[in-house]
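To begin, one chain is listed below as structure tokens, in the form predicted on its own.
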Amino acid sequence: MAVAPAAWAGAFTPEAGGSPNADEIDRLYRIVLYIAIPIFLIVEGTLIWSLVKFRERKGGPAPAQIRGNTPLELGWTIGAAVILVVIAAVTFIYLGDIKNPASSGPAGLASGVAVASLDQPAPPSDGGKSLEIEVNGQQFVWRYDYPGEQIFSYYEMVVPTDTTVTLKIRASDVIHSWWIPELGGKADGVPGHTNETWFKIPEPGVYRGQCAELCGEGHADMRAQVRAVSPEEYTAFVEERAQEIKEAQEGLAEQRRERATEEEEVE
């Protein structure tokens, strides 16, 4: 694992760079990490110093038996409470930008393309539109349903750049967890329940992830991929995909008619 490039992706902090909410998660994590590092060093340094300085020595005097130190105990209790309050305050400062979808950019999906607003208390602040995609986890593949009639894909989600994409995440069988680390936090897909998340990718690129909830023997193969393309390429993808699905349905219907005819002739 040490020599595999993927093993070092976000080795000490969460992966980011693909979406504003992922960047905010990374910043919040770093703040908490930088607060925790000196606390860890002070606590562990004091512990090691005490173990060395006051270790038992052959023929030495018995160590002093200290039963309590009220000022010290009050000090570290108040100090810990202050640190907790500071971290909580900083978390709430960043939480809004992590939870609430950003607005689509001016170079995002054209208003004429079918889009939908996120059905949650905090939609994009300026009323801008977002592309809503339904994500369904199944053993052991992800299905994505796009706006429009029966337009879907498996494994790879295609989205337009500079466009807020909101996801409604569900599952058909057991609990799954949809997670593309560079695009934000993971969200569980739970049968009978809908979870929501969002991302906004500024530039074309490919982002990969993995089901983050053990869901059966094929869990390791339940990978996911998001491919960001220009709004024009996205529109072309949707039209092409719709045509492919229509042709497949017509072909299946024709096969059924032929089979029914053959069965009638046999009878």
Partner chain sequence: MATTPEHAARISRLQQARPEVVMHGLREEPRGWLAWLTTTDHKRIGIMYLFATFLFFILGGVEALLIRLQLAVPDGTLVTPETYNGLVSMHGTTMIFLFVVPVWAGFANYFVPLMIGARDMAFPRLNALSFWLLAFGGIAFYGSLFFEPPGAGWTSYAPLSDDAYLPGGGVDAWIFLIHLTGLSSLVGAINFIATIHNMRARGMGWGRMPLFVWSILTYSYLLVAALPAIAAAVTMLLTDRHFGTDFFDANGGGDPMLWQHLFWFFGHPEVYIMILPAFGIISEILPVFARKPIFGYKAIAAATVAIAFLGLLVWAHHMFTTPTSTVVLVFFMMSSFLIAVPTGIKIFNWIATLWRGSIMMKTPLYFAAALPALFVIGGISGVILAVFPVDWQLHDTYFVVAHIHYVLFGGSVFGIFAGLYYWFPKMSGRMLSEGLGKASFWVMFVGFNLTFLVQHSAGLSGMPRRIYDYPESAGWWGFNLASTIGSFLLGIGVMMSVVNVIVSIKKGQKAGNDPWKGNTLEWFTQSPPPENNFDVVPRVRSVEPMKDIRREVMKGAEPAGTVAQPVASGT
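No experiment lies behind these values; they were computed from the predicted model shown. Residue numbers count along the first chain shown, from 1. So that the term is clear: the rigid core is the largest set of C-alpha atoms that superpose within 1.5 Å between two forms.
If you look for the form predicted together with its partner chain, you will not find it shown, but the lines that follow are about it.
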_Given that its partner chain is not shown alongside this chain, does Asn195 nevertheless sit within 4.5 Å of it in the predicted bound form, heavy atom to heavy atom?_
yes
*Is there any non-hydrogen atom of Gly148 lying within 4.5 Å of its partner chain in the predicted bound form?*
no
*Would you check, heavy atoms only and a 4.5 Å threshold, whether Glu203 touches its partner chain in the predicted bound form?*
no
*is_contact(Tyr144, its partner chain) in the predicted bound form, heavy atom dist at most 4.5 Å*: no
*Specify the contacting stretch among 175 to 183, 152 to 160, 101 to 109, 130 to 138, defined as having any heavy atom within 4.5 Å of its partner chain in the predicted bound form.*
175 to 183
*Those residues of 194 to 231 which, in the predicted bound form, come within 4.5 Å of its partner chain by heavy atom*: Thr194, Asn195, Gln210, Cys211, Ala212, Glu213, Leu214, Cys215, Gly216, Glu217, His219, Ala220, Asp221, Arg223
_So that I can tell if Glu203 moves, could you say whether its C-alpha shifts by at least 2 Å between the shown form and the other one after the core superposition?_
no
*2 Å or more on the CA of Phe40 between the shown form and the other one, with the rigid core superposed, yes or no?*
no
*Superpose the two forms on their rigid core, then report whether the C-alpha of Glu217 is displaced by 2 angstroms or more between the shown form and the other one.*
no
